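Taking the form predicted alone, here's one chain by itself in C-alpha cells.
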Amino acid sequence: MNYIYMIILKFINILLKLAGKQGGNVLGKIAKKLNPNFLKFFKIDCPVIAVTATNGKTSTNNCIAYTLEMAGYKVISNKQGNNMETGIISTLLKNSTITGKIKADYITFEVDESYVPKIFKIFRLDTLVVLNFFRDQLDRNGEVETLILKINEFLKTYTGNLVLNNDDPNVARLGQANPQNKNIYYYSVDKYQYATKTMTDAGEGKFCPFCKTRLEYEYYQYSHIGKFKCPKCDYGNNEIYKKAENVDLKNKTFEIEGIKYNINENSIYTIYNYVAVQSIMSIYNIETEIVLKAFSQFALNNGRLEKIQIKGIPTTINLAKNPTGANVSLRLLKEDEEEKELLFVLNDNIADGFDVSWIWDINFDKLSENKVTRIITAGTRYYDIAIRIKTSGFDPNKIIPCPDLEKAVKELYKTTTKKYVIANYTALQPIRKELLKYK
C-alpha cells in the first residue's frame, strides 16, 4: 500500500512544483495521515547526521550540508528549516524512489528538540549534534528541563556519535546518559573579548544536574554558556575534542589546533556553530582544506545574521525567537562602535508561541550608551515590545511604534544611520521581504 501512497505523494509534489510552491510540511502531513509510520518505509544506507538545539539549528545544519557538498558528496538535507517530523518526511519523499530508497552519500537534518526522541526511535541516526538549550516557547515546549530529560532518556540506549557543546551545562550532561557509548565528542570555545565574570543575560542550568551543587564559572560567553565546573563532583571537566581559540570577531576569524578559519559572521554564538561543524568534518575525515574553503564562503542569507545594503545603508537582519537569541542580537549592537538604529518586529502567532512574556528577559539596558539613536517597533505585538524597551530606560521620544511593516521600513530609512533588524519567527521572512522590496 505504501507504494501507492508514494505515487500519490510524488504526483502531489509535481503539482506543487508547477504551482511554484516548495510544499514545506505538506507532503509529510499527507503521508502521516495515510500511514502514521511512514518514516519506516524509507531505505537508507548512508550516514544520517542530525542537529538539534534551541538556537542555531538551521545555520549549523546548512553549513554541514554545504561543506559535505563542497567535498563532492551528494547530500540530502532539510535546508529550508522544516524540522518537525512532517518536514523531515517531506524532505525524504522529494528525494526518494517510489520504493522508498534514498540515494545519497549523506543525509543531514535539523530537528526540533522535542522531536528528537520521537523521530529517531524509529529512524536511523548515526550522529547527533546538540548545540544548546535555552528557554523557548513555554506554551509549546514547557520548561527546558522537561525537554532535556526527554532527550536524555532517548540517549540512554543510543550508541552513535554524540557531539556536545561542553560550554553549556544543559548539553554537556547528555554525555553521561549512556555510559556504554564511547562515541562522545565535546567541543568548546575559549574565552573571547566580551566574555564576562558574571551572567548578564537570562540563563538556565545554574546547578549541577548530578549533585545539585551550584556551578562555578570562570567566565560567561553569553547567557549561561561559558567555562564552568561543579566544585563538588567536577562535572564539566571533560576531554575536549575540538576547541576554538583566538576568537577575533572584528576580523571574523578563529583557530582550531593552530589553523585559522575565516567566516562571514561576527557573533560568538556562530563561532560555537562552526566548531560543531568542524567536529563533524573531523569525525568523517573531511580534508581541512575543504573545510577552510567552505567556512570562508558559507552564508545562510535567509535572515540569520544576513547583511545587506539598502540604498547604500548597511543593514543586518537576525532572528530572535527567545530571550537568548534577542540578547545575542543586541550584543551585536553593543559591540558595534558606530551609531545605529533598530527595528524590532514581534509577532505572537502559533509558531511563535502566544506567550510573549519572554521579552521581559531581554537585556535592553544601556542601548543609548552604545550609540543606538532610535528604535522602531512593529509586528502584532509592536506596542508590547515598545513598552518593554521604554521600561529599560531608553528615551520614549526615540521609540516609534509602527504596526504596519511597510510603514515601519519607510520610517526606519528616513535617516542614513546604520540599521539593525531583529524579528521573531513568523516576523522574520515578512520583514525581510519588505526590506528587499524597499531596496
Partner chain sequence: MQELKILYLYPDILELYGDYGNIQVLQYRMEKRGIKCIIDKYSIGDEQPNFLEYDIVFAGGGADNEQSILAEDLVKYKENIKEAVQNGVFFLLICGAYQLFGKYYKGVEGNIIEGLDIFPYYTEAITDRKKRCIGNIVLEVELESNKKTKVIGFENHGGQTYNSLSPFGKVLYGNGNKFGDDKEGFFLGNVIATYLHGPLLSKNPELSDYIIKYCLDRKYNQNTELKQLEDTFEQQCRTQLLEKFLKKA
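Residue numbers count along the first chain shown, from 1. From a predicted model like this one, the values you see are computed outputs, not experimental measurements.
Keep in mind the form predicted in complex with the partner chain is missing from the figure; the text below concerns it.
Undergrad: Within 4.5 Å, heavy atoms only, which of E265, D352, E204, E113 is in contact with the partner chain in the predicted bound form?
TA: Contact with the partner chain in the predicted bound form is made by E204 alone.
Undergrad: Have a look at E145, E339, E216, E255 for me and say which one sits with a heavy atom within 4.5 Å of the partner chain in the predicted bound form.
TA: When the partner chain is considered in the predicted bound form, the option within 4.5 Å is E145.
Undergrad: Flag K242 as yes or no: does it have a non-hydrogen atom within 4.5 angstroms of any non-hydrogen atom of the partner chain in the predicted bound form?
TA: Flag for K242 set to no.
Undergrad: Even though the partner chain is not shown here, does R388 get within 4.5 Å of it in the predicted bound form, heavy atoms only?
TA: Flag for R388 set to yes.
Undergrad: With the cut-off set at 4.5 Å between non-hydrogen atoms, does S357 touch the partner chain in the predicted bound form?
TA: Yes.
Undergrad: Would R381 sit within 4.5 Å of the partner chain in the predicted bound form, counting heavy atoms only?
TA: Yes, R381 lies within 4.5 Å of the partner chain in the predicted bound form.
Undergrad: Looking at 298-306, 80-88, 324-332, 360-368, which lies within 4.5 angstroms of the partner chain in the predicted bound form, counting heavy atoms?
TA: After filtering at 4.5 Å, what remains is 360-368.
Undergrad: In sequence order, which positions of 395-424 have a non-hydrogen atom within 4.5 Å of the partner chain in the predicted bound form?
TA: If the 4.5 Å heavy-atom criterion is applied to the partner chain in the predicted bound form, 395-424 yields P396, I399, P401.
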